[in-house]
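Shown here is one chain on its own, the form predicted on its own, set out as structure tokens.
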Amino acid sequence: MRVLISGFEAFDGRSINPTQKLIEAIQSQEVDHPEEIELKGILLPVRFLDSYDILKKQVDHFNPDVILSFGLAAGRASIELEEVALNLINSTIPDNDGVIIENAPITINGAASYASTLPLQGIEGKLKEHGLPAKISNSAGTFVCNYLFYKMMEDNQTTQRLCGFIHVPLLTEQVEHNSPSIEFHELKKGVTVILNYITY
């Protein structure tokens, strides 16, 4: 089984993106996973222009059975499994090219939304079983994360791939006391749990 995991570079003035650290850990083979999984990590720019194009090239080359895309959602306290991607861009902050897009469709005359094809309830239960904060979310936002999620689902309506988007909190090192966050070792553990679950 081939699994492609994507994460994003830092954005919105931050120097760290937890998902960037995650991809670096995957590329350094520091994330445990079943032996039968061939795991590949890719870092994406926070840009409307080409973030999905870069992912698509990797998908075409690697031909994964599963695509797990990760993104940062500051202020959230759990690993959030996104249920639906909306055909909408509505930036409240610029992307890393300084681009702001307001109230525009991702695909003109495209479907209003696409659902994740990951087994969300099973993943949520398994993460909680391992003591990790997890929930199913029905809002992937309207920024680059949702854009990538929508394009990915749009392109995989007729494939057998499992595809989905997962938002993660800020790392504990990034926040003030008592603000929502996650330890990096917990994030890595969460990925391992997910990979084990989708394999068996």
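Residue numbers here begin at 1 and follow the sequence given. Not measured: the values here are computed from a predicted model.
Separately, the form predicted in complex with a small molecule exists; it is not shown, and the next lines address it.
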Which of 130-138, 25-33, 151-159, 64-72 sits within 4.5 Å of the small molecule in the model of the complex, heavy atom basis: 64-72
In the model of the complex, V46 touching the small molecule (heavy atom, 4.5 Å): yes
Close approach of C163 to the small molecule in the model of the complex, 4.5 Å, heavy atom: no
